[in-house]
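This document opens with one chain alone, in structure tokens, the form predicted on its own.
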């Protein structure tokens, strides 16, 4: 085993992007993943690069999202160039077909210099003739993009392997050995790993790692989400469409994702017939043509839930070389580049890209 500067516990989008940032700085990095890399919440999500209702997000979430939204086009192009894998960054816009908070949404957009287009039902029919919206006011945020998260994750993995980052799958870490205020080692797959610094990016399992290490409990819990994907023809839907808290996402090849549920099921990520029927009914009611499209897959993932959705990013107050980047809830993908950059700022003792205080472990209730 090569010498390691930083051990990252967890190989989802947060862990992969943290590894990329630290590798850029010349650090020798190893990722220890309990199962397969990027196959939990990161793989299961929709890849919308925005909170679903951005005007409801706390300001610290908005700051990370805006930084990441600006960074994503370059990141996607850099990964495509280095790996040949296109993450399919796509400026498809986020359309609220029946916005119930139009005044609040407009005020938020004005405050945050975000373009929007308010429209009437005739305007809506002109850009999305196939949807059947509920009662409400249509609103379009045209500058919101998406990525195809499985492709982005595959590109990140390929990029990290080429950089020499050690990617160790099926290496579950139950706890961290801590001595005299420093993390010293972890045991994974019957091996002991040591490093200068340790980073916990274990998604829904981050709280367990902290608890098993004798540290104060992190306010992170698993929240299951289920999704469907339809085999639809290209052009059936142009925009990501949000209605009544659920969404449809059109991919470049025409496939359409329908999501998602919010379920408290502990660490059980099995799919349910109830969720299937609810998602299918929602999708068909909003886009009736989906009635004639086959459902390709039904799956579930476990989000790293937190009470306010603000992630925990930064050093542990009592363990000098232990850092956290976790608890992103539904916004892990959109916040990932900024979260990884802020985490690297801490590890590398750099000036932070945003004010770090809202995200520090000590700042959480």
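Numbering follows the first chain given and starts at 1. All values derive from a computational prediction rather than experimental measurement.
One more form of this protein, predicted in complex with a small molecule, exists but is not displayed; see below.
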Next item on the list: Indicate whether the candidate residues 13, 171 and 225 are all in contact with the small molecule in the predicted complex, with contact defined as any heavy atom within 4.5 Å.
Entry: yes
Next item on the list: Examine residue 313 and determine whether its closest non-hydrogen atom to the small molecule in the predicted complex is within 4.5 angstroms.
Entry: no
Note to self: Under a 4.5 Å heavy atom criterion, is residue 330 part of the interface with the small molecule in the predicted complex?
What the structure shows: yes
Note to self: With the partner left out here, check for me: in the predicted complex, does some heavy atom of residue 34 sit within 4.5 Å of the small molecule?
What the structure shows: yes
Item checked: Exercise: residue 247 in contact with the small molecule in the predicted complex, heavy atom 4.5 Å -> yes
Notebook entry, point to check: Only one of 22-30, 56-64, 316-324, 296-304 gets a heavy atom within 4.5 Å of the small molecule in the predicted complex; which is it?
Noted result: 296-304
